[in-house]
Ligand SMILES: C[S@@+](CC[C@H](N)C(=O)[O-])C[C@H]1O[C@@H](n2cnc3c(N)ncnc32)[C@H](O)[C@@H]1O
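Only one chain is given next, in structure tokens, and it is the form predicted on its own.
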């Protein structure tokens, strides 16, 4: 009987009948790993396009092409003691963590186009270190804080249920599409014009909705859990909806999206679903296998939880998403390259 890699990583356990967590079986491992690559010489963008690199970032960063990235989404190990499959990242001082960040950020910078944007994930404890390093090399535009409602409470402190994402650009010439990331909310107490027409909201037979501009405080994200098909056994997996917002806001179709710590592959999977070129680096073979299997599934399943008909929906509003119909075409985008 085939066993899955999660059983070896986390111990044998029986999954619930409705558990949809992705499983990689032993007899799949070789074929999945054969779909990854390693770099030993300087590569071209075409050579790594839509491919996953199975390697330690520090072993391949010098072989990545120059100025090929339109959008980088970076989720490095936080300054916490954490087990990642066969590797363990140990918490260190803030000063040492900054030095570690600097060693790869300074080298990775050459891979970014002049018009590129990047988003860097972190927790509150490492946020200052991340900001300090990014400020040396890029223009910091904003800090997104998103609600990560998961985990146990704390008896002697406030429960930590948020994480940060630093939004940066290489220059003042960058792309941002606000229309692509508007949130569709149900209107509870709608206002009307004196004529009786809806005021800044849409009236449908399924309910009343308003499109709202995205802010840098996100409370509409659901962490992947056992009944969601995007879920894996990666300990710090980011939600597809979260990554979709970043990709849609800061890239165009066929732009090149890169993730130097892709983990279970969420950035690459969402990039594929949204018709972007992609690539990334991951040193753990177990996570590479998860990512390849997710990418293969994405060829036939392009759905993203919480995103439908070109709009993001409020958290836990799946019924509204299925029932609502768009009665007028989406506003034509006014996005473009910004010069400040």
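Numbering follows the first chain given and starts at 1. Since the structure is predicted, the reported quantities are computational estimates derived from the model, not experimental observations.
Beyond the structure shown, there is the form predicted together with the named molecule, which is absent from this document and is the topic of what follows.
Between the named molecule and the residues 56, 301, 50, 275, the one pair within 4.5 Å by heavy atoms in the predicted bound form involves 56. Just one of 126, 169, 266, 251 comes within 4.5 Å of the named molecule in the predicted bound form, counting any heavy atom, and that one is 266. Remark: of stretches 211-219, 105-113, 68-76, 174-182, the one touching the named molecule in the predicted bound form is 68-76 (heavy atom within 4.5 Å). Contact annotation: residue 283 falls within 4.5 Å of the named molecule in the predicted bound form, judged by heavy atom distances. Using a 4.5 Å cutoff between non-hydrogen atoms, residue 97 does not count as a contact of the named molecule in the predicted bound form. Heavy atoms of residue 313 never reach within 4.5 Å of the named molecule in the predicted bound form, leaving it off the interface. For residue 138, no non-hydrogen atom is located within 4.5 Å of the named molecule in the predicted bound form, even though that partner is not displayed.
Residue 287 is the sole member of 287-309 found to place a heavy atom within 4.5 Å of the named molecule in the predicted bound form.
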